[in-house]
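Let's start with one chain on its own, the form predicted on its own, as structure tokens.
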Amino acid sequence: MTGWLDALIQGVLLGGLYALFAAGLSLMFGVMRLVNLAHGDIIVLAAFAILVVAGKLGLDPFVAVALAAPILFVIGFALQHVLLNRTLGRDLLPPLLVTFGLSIIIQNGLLQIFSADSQRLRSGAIETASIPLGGGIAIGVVPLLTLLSAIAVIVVLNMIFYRTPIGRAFRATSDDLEVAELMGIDISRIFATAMGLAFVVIAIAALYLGLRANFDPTIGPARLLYAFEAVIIGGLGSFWGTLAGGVVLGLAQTIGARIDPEWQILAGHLAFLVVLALRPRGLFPRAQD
């Protein structure tokens, strides 16, 4: 019984990481209807950026991410403003092709610079610290911080979306692009701002990716897959749904691993297929928010 309870707790904590992976993707789709195939590789790129900042300046990764986040915001803003805005339109194929090409460029660029060796962010004793809950069950401090950070990110994104002028512009462009343009909203700038904000969320996801596991230039597609599954399980464009989707995916994987270690990844994919079959729009689609 203790083993199953531990699996449930670890599944919820793992879901926090998947929710962080998915939050930026949900933001991009919610505002721009952009399916970014380079999302996982951008997470890995951000992890390497934090690694470089931490290494060059001798900083803890938690401090390094605070310095890397503004840089990533500028990169995201420029990428959307200069490149991706040109691909958006009624045809979904151009952004898919461009972001697929961007994924290949990022992977090969990272391989050239950092080689295929795996890396990890180091933050001292906190990496192995845990909080005992009794009964032989303990939760790691870093996984707990991951979940709390995911909740904080979702809360902040909801506050931005529903309580700020830029959030109203986000919702207006998402609901009706043509009417938003007629109302004088600068669509190009709004999209670029949304992408910059998504890159800040990506920086937070990259921090916990690097603290919880090794990473290398080739793991981006797997992170993209987990992010997609969490977004679709939760409901496209719903931030709280994204958190729920991440938790469902995490629980499915840890329960699957409890049954048989070889079933961990498969169980997550099966949970995704079951939700997709029963609720094609996800558990909490945006229209129900």
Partner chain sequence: MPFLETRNLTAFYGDFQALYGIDTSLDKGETIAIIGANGAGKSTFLKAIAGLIHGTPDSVQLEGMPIGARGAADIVKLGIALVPEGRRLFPSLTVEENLLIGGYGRKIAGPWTLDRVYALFPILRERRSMATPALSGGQQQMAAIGRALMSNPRILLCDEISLGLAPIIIADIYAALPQIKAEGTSVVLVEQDIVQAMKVADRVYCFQEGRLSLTGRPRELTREQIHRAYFGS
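All values derive from a computational prediction rather than experimental measurement. Numbering follows the first chain given and starts at 1.
Keep in mind that the form predicted together with the partner chain is missing from the display, and what follows is about it.
For the marked spot (V53, L59 and A68), a heavy atom within 4.5 Å of the partner chain in the model of the complex is absent from each of the three residues. Stretch-level contact check against the partner chain in the model of the complex with heavy atoms at 4.5 Å: of 167-175, 133-141, 116-124, 202-210, the positive one is 167-175.
In the model of the complex, at least one heavy atom of L182 sits within 4.5 Å of a heavy atom of the partner chain.
Using a 4.5 Å cutoff between non-hydrogen atoms, I154 does not count as a contact of the partner chain in the model of the complex. In the model of the complex, the partner chain lies within 4.5 Å of some heavy atom of I190. In the model of the complex, not one residue of 240-266 has a heavy atom within 4.5 Å of the partner chain.
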